[in-house]
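What follows is one chain in structure tokens, specifically the form predicted on its own.
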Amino acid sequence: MNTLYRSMLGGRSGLIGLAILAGLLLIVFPLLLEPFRLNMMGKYLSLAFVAIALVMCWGYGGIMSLGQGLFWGLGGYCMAAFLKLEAARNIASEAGTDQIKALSTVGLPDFMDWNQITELPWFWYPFKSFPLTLALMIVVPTVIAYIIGTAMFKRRVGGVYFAIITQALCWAMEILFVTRQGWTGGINGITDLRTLLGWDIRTPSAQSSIYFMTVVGILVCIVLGRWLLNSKFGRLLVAVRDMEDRVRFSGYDVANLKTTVFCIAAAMSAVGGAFFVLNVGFMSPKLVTIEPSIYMVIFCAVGGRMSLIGAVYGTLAVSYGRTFFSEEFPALWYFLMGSVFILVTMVFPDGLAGAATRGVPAAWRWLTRNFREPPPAPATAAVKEAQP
């Protein structure tokens, strides 16, 4: 039990950090933020799944992936496909007039009808089932990550070359989604998502519930990530990152280790993409391209690439900074955001988590040293003689 406690929760300090994060997300934010801002926090937290995945992939495994938005977007598109088909079924059930039937093909997503597609493509059929959608949401990104990882790591492609390749794959996926507009919605993406299993996800109460579901998913990913990183698998990842050749000479299959963590990171990212669709109500190919993937790496770097909890704080800080600067300084916000990022990485090279790890104990020692009661003064010689 003690071993499980240390591996999954990180011991006493890890449990305290997780409890503070849970209290902030589950109690403080819902009490202080209005529904619109709380929904924005849910959107930010859906991006934090990728930051957590990058801590495992980049921080511990040394695999710099600049295309993690690819897997995040695939998970989002899978969820959006299910919601779109459900919306099309709802329209079909409400199509009681000849006018509605004349304007659209009943039961078919609207963008397919606009592109003169009269029959649902075969690869859309699994998204009629919610359990199959959940399975594909994990399986599709994981399989693609396995193919990429096997092809690259077996040939010992790494470092900046791997980063550029993953970035190019993001760009290729965006082009695919944009050009196949009859299948994917094109540049507009998949929009007008209304219900999930008959539950209207556009209402304030539904958005609040989805926020709490997103928080629970984040906490589960943190606990799962800690369990993996505190196991032998995690220690091997660190060894591969620092001394890959020595691990290989010791008899371990380095390519399989890298592929495994890359697949785990892809699956975690895909879950975040699905939660994003539920929080926001649409999915666009612009969210799968290179720029969002770069931001996801920034989330991890600012929070601390060796801290799962720090990745969440980094995502919230950078995302809120983007929103604040774009609202207050629309003409300068890119420069301000870049300046803040440069400043943070220069002052806190280990991210916010590293600053907290060093700063909190130092502040505690200073407080205890300056504010504790002084020891009693030693008795003088005259007092000692007066004592019986």
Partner chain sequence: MIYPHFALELEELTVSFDGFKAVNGVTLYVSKDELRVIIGPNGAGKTTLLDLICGRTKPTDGKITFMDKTLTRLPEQEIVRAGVVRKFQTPSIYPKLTVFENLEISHPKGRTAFGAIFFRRTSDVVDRIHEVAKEIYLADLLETEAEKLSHGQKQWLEIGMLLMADPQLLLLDEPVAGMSVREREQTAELLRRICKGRSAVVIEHDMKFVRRIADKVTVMHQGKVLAEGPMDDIEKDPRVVEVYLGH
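Positions refer to the first chain, counted from 1. This structure is a prediction, so every number in the text was calculated from the model and none was measured.
Only in words, not in the display: the form predicted in complex with the partner chain, which the text now covers.
Asks: Taking 241, 251 and 257 together, does each of them reach the partner chain in the predicted complex with some heavy atom inside 4.5 Å?
Replies: All three within 4.5 Å in the predicted complex.
Asks: Is there any non-hydrogen atom of residue 247 lying within 4.5 Å of the partner chain in the predicted complex?
Replies: Residue-level check for residue 247: yes, a contact with the partner chain.
Asks: Wondering, does residue 231 line up within 4.5 Å of the partner chain in the predicted complex on heavy atoms?
Replies: Yes, residue 231 is a contact residue.
Asks: Heavy atoms within 4.5 Å of the partner chain in the predicted complex: does residue 227 have any?
Replies: Judged by the heavy-atom cut-off of 4.5 Å, residue 227 is in contact with the partner chain in the predicted complex.
Asks: Quick one: does residue 278 come within 4.5 Å of the partner chain in the predicted complex, counting heavy atoms only?
Replies: Although the partner chain is absent here, residue 278 would stay clear of it in the predicted complex, with no heavy atoms inside 4.5 Å.
Asks: In the predicted complex, which of 208 to 216, 81 to 89, 129 to 137, 231 to 239 comes within 4.5 Å of the partner chain (heavy atoms)?
Replies: Careful reading of the contacts points to 231 to 239.
Asks: Sequence order please: the residues of 149 to 187 with a heavy atom within 4.5 Å of the partner chain in the predicted complex.
Replies: Residue within 4.5 Å: 156 only.
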